[in-house]
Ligand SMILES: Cc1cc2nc3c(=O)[nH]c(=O)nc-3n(C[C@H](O)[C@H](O)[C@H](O)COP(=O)(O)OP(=O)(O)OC[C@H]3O[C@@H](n4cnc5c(N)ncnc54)[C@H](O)[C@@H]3O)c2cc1C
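Just the one chain here, the form predicted alone, laid out as structure tokens.
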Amino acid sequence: MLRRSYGRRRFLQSSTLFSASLMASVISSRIARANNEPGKDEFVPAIVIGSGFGGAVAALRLGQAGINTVLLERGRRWLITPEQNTFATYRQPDGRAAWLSSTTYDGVPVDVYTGILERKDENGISVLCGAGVGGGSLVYNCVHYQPSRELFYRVFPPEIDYDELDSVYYPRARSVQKVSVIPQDILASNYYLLMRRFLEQANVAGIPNRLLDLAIDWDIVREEINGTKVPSAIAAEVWYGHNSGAKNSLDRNYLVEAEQTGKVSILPLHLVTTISEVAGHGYRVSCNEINESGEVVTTKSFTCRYLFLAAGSMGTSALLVKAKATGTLPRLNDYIGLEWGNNGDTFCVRSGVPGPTNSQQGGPASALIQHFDNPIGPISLMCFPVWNAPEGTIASLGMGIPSVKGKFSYDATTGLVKLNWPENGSQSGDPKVLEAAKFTYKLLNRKNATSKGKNRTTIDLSGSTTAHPLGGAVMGKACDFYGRVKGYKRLYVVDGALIPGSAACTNPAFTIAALAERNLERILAEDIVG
């Protein structure tokens, strides 16, 4: 029990006080009751549901435009404490590691709590989702990986101008999150031997490779190395957060700047249950305010003129599919809930790799292989450390272009929305992407065999889980090319639900942010009346 409550009291107290002050601010200065609305609805001009990459961009740009905005986030705030004990760790997991679950994503028993990472077991695939102020940025590998033009147009419609994204919106998103590659002095340290070995193996195999752009404060990583900060990045901690504060998550840039406009209020622990149209007015958002054990404290209802959906592909799709099925948004078209993909994600552990790897150290993912001329299909492989991996192990995330799609459906008997992947039944991974990834891994093994020509490196490859859910409200089909939901005015999708199943062999966070920047610029210019 001591392990599970590690550092709990202090971060709960700080969170409670901070949330209370925000609530008071909201009630006193930003939410005016609507005289023409029944019951206890509270009116605010704009509501954003979710605080991941799309929601954070939307909140900041709405605030800068002078639009009073409330952002509703199901998870709690995660404030970095002076004691550096905000988050659970892989080595000592507790309820902070899991969203309202009795186990972590990998099955370790913990206390039930509004933790940082949710595992959703759907029909045919498991999906990992972040929870908290900052959304997926709290649990991601901090990678900002821009797709190539060629692969971009193998996924995205031609109406999206890649050159415009490249020259304006990717750089805009990059600048806010302070993105950079790993400095050479850190890469040269023993902690990052794994990354160097990964690149060396790619060079031997003749496969293009490079370092990744990361939203990491490298000065803090240096403090970890010299012992003045608790080891986090250098100890392979990623998905449960960095207690050192090295990760430049959205709560430390976009969302801070949004609140500083004086127009944006963030309400943590507000779980949205229903969205509906209010005739002649806008939209109603119903939600449960919960405590940190997941118990409902009170129910609330807000109305707004502008509604931005940014609850991630899983959350946004579920809200829209439910609204269509139950008739609260009956004009949604038949593309709602379709075109879902897993970003071509595969996970691989190569064991028995010749030579040292230091595979328990040095993160987040800093090195990348780009095997785009793979004869089966283009593949990116991103190396990341695993906290309990034995010596001689290299783990990596593969990202391809999915060959199968999934769809969401509503079960009226349970009131739940479920994902079915692929559409025609369950299977363990995308067969074509798995085949392409296996081809690249076998090439790496063959070219990096020992001097005696022997290679005992084994491959353990799986596509049964994804950390990059995409689609469900795809641009050009369920929405227009700027995220406006077809059939409704002033209703927008600004997150990964817009993307047609793949970010073109890249981690999708950077592209989600760039598209949100692009779309908000157009929406503010054409749709918003202050």
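What you see is a predicted model; the values in this text were computed from it and never measured. Numbers for residues come from their place in the sequence shown, where the first is 1.
The same protein has a further form, the form predicted together with the named molecule, not shown here; the description that follows concerns it.
Taking a 4.5 Å heavy atom cutoff to the named molecule in the model of the complex, the contact residue among 205, 271, 376, 100 is 271.
Of the residues given (400, 362, 341, 315), 315 alone sits with a heavy atom within 4.5 Å of the named molecule in the model of the complex.
Stretch 303-311 is the answer when you ask which of 388-396, 157-165, 183-191, 303-311 has residues with heavy atoms within 4.5 Å of the named molecule in the model of the complex. Residue contact check for residue 321: none of its heavy atoms lie within 4.5 Å of the named molecule in the model of the complex. Contact check for residue 173: no non-hydrogen atom falls within 4.5 Å of the named molecule in the model of the complex. Residue contact check for residue 512: one or more of its heavy atoms lie within 4.5 Å of the named molecule in the model of the complex. In the model of the complex, the named molecule sits beyond 4.5 Å of every heavy atom of residue 519.
The candidate spot formed by 79, 89 and 95 is out of contact with the named molecule in the model of the complex: none of the three has a heavy atom within 4.5 Å.
In the model of the complex, the residues of 113-133 lying within 4.5 Å of the named molecule by at least one heavy atom are, in order, 117, 128, 129, 130, 131, 132.
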